[in-house]
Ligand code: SIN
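As structure tokens, one chain now follows by itself in the form predicted on its own.
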């Protein structure tokens, strides 16, 4: 097994693993450590994985989370079919931060890819926070933000109280201790205790910092790529430039804990 960096800001690729037969404990620890250090990893050449293989590997990362209103693929609870870039997925975000306990990890396996397009952008929320002035860092540590579910949750009939949570604006990583910005343009509606109008200038500035080129990596998918990212230290957004071609990826998310 070889682990190589993909970009200066974040990302690493793992070469030489075959997950169809499982993975030994020492190799898994190396992969997990690489993820915590780099924010996201891509394990190449996993196209032979079955849904059972993907779920078994995902379970090594923690409890598999079942989405409350987007159905799993038939017969495989926990695997969601990702196929249609939309305004929600094209916005910088961390998965399901409107939950009291947002997801810790996401695993996305490429099944069908277009000839061109459909890349996924990743950003280091840790690097974004580190780039801020000490004064702004100190101020942000004192703030929390209100995260609310998108219109899809309402359309599915969920009560508003079930898809709203208040989280710190700055989140220390439970494994590494590194601090990261924990606000995103998909779910955050305001700073807690502020009006939306008062919140908007600060949030807009922070989103701009997250999306700076030096904090990002653009992943060009290859067949069989298994990409894993840490939702506590990164954000992501799909590039919606697929012109009518099929793009299918299988997603599994791992339950996390409430930010502290």
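Everything numeric in this text was worked out from a predicted model, so none of it was measured. Residue numbers count along the first chain shown, from 1.
Keep in mind that the form predicted together with succinic acid (SIN) is not shown, yet the notes after this line are about it.
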| item | value |
| --- | --- |
| Any non-hydrogen atom of residue 108 within 4.5 angstroms of succinic acid (SIN) in the predicted bound form | yes |
| 4.5 Å heavy atom contact, residue 89 and succinic acid (SIN) in the predicted bound form | yes |
| Partner contact for residue 95 in the predicted bound form: succinic acid (SIN), 4.5 angstroms, heavy atom | yes |
| Residue contact check: residue 82 to succinic acid (SIN) in the predicted bound form, 4.5 Å heavy atom | yes |
| The unique member of 242, 9, 238, 19 whose heavy atoms fall within 4.5 Å of succinic acid (SIN) in the predicted bound form | 238 |
| Per-stretch contact check against succinic acid (SIN) in the predicted bound form, the hit in 228-236, 65-73, 52-60, 205-213 (non-hydrogen atom, 4.5 angstroms) | 228-236 |
| Contact check for 32, 38 and 173 against succinic acid (SIN) in the predicted bound form, heavy atom at 4.5 Å | no |
